Each structure stands twice: as C-alpha cells, then as structure tokens.
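As structure tokens, the next two blocks hold two forms of the same chain, structure 1 and structure 2.
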Structure 1
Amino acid sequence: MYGSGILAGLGVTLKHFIDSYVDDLKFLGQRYYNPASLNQRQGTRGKGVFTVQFPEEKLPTPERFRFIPFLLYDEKPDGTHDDRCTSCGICAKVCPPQCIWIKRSNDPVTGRPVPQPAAFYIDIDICMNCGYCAEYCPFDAIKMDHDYELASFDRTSAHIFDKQKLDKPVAYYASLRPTDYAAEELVRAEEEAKKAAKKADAASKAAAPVAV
C-alpha cells in the first residue's frame, strides 16, 4: 500500500517517543542528576534519550581521558616538593605540535646540567591532546589531565602554562587514574627493589675480603 513505508517509519518515531518516557517512570523523577540513572541512560541498556543536562550534570570522564598535560611532584615528609621531571626533553622532542618548552638547569658551580627543569612551559593553544608526552615519559613525570574547562578572557599569557601552573601532586594523579597509577607504582617499586639489591650486592662484594 502506498504510504505504508511512511507509516512504518512513524511507528519507529512513536516507539522512540514512548521509550523516552519509560526511563522516566523507572526512575520516578530521578532520571537526571543521578549517577545510577546516568549509567543506564548512557549505556547499552539505555532506551530513551541520551541527553545530559550540561552544565548541571556532566558526563564522567573515563580514566584514560586526556586533556592538556600536567607535571607531577612527590611531596616529601617535610612538605617540600620533589619534581619527577629530570628535564630530559623527551616530551619536548616527541610533541607533534611542539608546544612544550623546557629550560634545563645547570649547576651554578660546575656548570653541568642538573636533572631538574629550571622552567617548563606548555602552550595550551597549540597542544593537540595527543598524549605522547605522557606516553613516552620514562619517569612518569608528565601526565594528561581531565580538566577540560579552560576558557579564559585572555588568550596570550593565560594560555601559556608555566611550571607553577602545571605542577600537581602525585596524589591528584592517583585520584584521576587509579588503575594506571597502581600499575606504574608496581613497576617503580620493582625497579627500586632491583636497584637496592644491586647496590647491596655491590656493597657486600666490596666489603668481602679479597681472596688472594
């Protein structure tokens, strides 16, 4: 029958229309601003509309979500910061749009390079959020952030992040990416143990009387 195709199509629309209310009934007014409902709404079991009431309600960012790098520091017991960055420059070299500037510090006495950055800049206007810096950093010193709300009134100086703005504690990283953090700490602990064993080994060898 002519027109049956349109009618069948309208049937699909009607079904979608009804489905958008089924979730409402199920959650009885708790459809929005409710994490349990959000998971259902946005998942494979969600039948109704996917709408999120932004900005009151936000999609949770998955752990691996990447947006603008930041630098990690360990907090020492006395409250001072211990930068993980050694200013090796791998992130600046691998960065595809070349948005990372690193100034290496030198020892004032010997003039030799010291494994610590004197300055660290990231131009977030240029950063393309590829995540290479975090991926290839051998010291787990630079990681990708989750904070995507970066609008500002000034695009010149405010969009060049310096070390002070980039520095964040390891605890912050651990809260963003608990799984990655745990895995990395495991590897770090293993390496530490290996190093310690080597040292102990060397020390015991040195201490042992030399057989004549």
Structure 2
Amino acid sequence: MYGSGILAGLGVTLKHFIDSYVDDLKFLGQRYYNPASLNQRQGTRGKGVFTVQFPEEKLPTPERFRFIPFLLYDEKPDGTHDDRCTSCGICAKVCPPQCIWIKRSNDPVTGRPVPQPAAFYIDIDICMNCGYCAEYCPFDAIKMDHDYELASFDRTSAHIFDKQKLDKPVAYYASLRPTDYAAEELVRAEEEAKKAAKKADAASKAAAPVAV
C-alpha cells in the first residue's frame, strides 16, 4: 500500500516516544548519571531516550576517553620532579594536524642537547584528539586528558597550552586511567627487573677470576 513505509516509520517513532516515558517511570527517583541506572538505560535493557541537563548533570567519563594531551612527570621524595619527556620530537612528527611544537634544551657550558624540553606547546584548537602522540611516545611521557570543558572567549593565547599547563604528575594519570596505569607499571617493573638482572650478571662475570 502506498505510504506504508511512512506509517511504519511513524510507528517506530511513536514506540520510542512511549518507551521514553515508560523508562522514566521505571527509573523514577534515580538520577540519569547514576552508574547503575545509566548502564541499564544506555545498554540493551534501555528502550527510550533521555536527556542529561548539562552542565548541572554530567555523564560519567569512560576511562579510555581521550581529549587534550598532557605531559607526565615523576615526583621525588624531596619535592622536585623529573620530566619523562626527553624532547625527542616523535610526538610532533606523528601528529596529523601538526599542533605540537617543542624547543629542546641545551647545556649552557657544552652546548650539547639535554634530554629535557625547554618549551612544549600544543594548540588545542588544532588538536584532533587522535591520541597518536601518546601512542607513539617511547617514554610514556604524554597521555590523553579527560578535561573537555576548555571553551573560552580568548581564541589566541588561552588555547595555546604551554609546558606549565601541560605538566601533570603520574598520580593524576593513575586517577584517570587506573587500569592502563596498573598494566603499564607492571611492564615497567618487569623491564627494570630484566635490566637489574643483566647488570648483576655482567658484574658477576667481571668479578669472576680469569682462568690461566
């Protein structure tokens, strides 16, 4: 029959409309951003649609959500910290929109390069949040942040993040992505154990008496 497809489509729309109110009654008294109800409403058990009243209400951010990159540093007991970044430039090379700029440090006496960035800039308006910089970093020095509320009226300097804005402690990354952090630290511990075993083996061979 002519127009049967239109009627079928309207029927689907009407069903979703009714299911939305049925779901609202089912989850009456529960906030949408409650993890238990949210998992059901966004999963296969949810039938209707719902609206989150942002910014008063916010959906929980998934652990592997990625936005603007940031730099990691290791904190020391004496209050100082070591940058993981060695200014190798790999992140800038693999960045598709070319939004990363790095200025390398030089020793003032010898003039030789120092494995530490003197300046590090990311244009967050150009960044496409792909995560290539974090994926290709050989030193686990750059990770992706969860902070997505970065809008401002300043379209120039406010959206050029320098090293001061990008620097974050390892504890911050651990709070954002505990699963990945635990896996990375396990691999790091295994590599350190291999290096220590290799050094100990080399030391024992060097200390062994030479047969004449």
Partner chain sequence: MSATAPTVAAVPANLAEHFPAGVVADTRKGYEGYVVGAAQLLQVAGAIRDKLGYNYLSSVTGVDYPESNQIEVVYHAFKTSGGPGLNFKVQADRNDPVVPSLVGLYPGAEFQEREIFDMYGVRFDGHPDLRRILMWDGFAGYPLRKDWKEPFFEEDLKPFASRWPGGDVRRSEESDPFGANVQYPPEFDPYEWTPETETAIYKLIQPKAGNGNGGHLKTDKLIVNIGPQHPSTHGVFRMVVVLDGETVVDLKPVMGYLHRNHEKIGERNTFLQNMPYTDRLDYLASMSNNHAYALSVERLMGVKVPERAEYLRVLMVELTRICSHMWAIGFLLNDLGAFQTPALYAIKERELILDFFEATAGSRMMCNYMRFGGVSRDLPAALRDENTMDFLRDLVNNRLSYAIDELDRFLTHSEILRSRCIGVGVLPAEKAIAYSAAGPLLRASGVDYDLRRADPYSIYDRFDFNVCTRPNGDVYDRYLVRIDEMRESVRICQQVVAGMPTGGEILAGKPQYNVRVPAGESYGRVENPKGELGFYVVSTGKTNPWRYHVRAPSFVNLTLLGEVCKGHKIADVVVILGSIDIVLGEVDR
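A quick note: this is a predicted structure, and the numbers were derived from the prediction, not measured. For clarity, a rigid core is taken as the largest C-alpha set superposing within 1.5 Å between two forms. Throughout, residue numbering runs from 1 along the sequence of structure 1.
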Q.
Please identify the form predicted in complex with the partner chain: structure 1 or structure 2?
A. 1
Q.
For a quick test of reading the superposition: does L14 move by 2 Å or more at the CA between the two structures, rigid core aligned?
A. yes
Q) After superposition on the rigid core, what is the displacement of the C-alpha atom of D23 between the two structures, in Å? A) 4.5
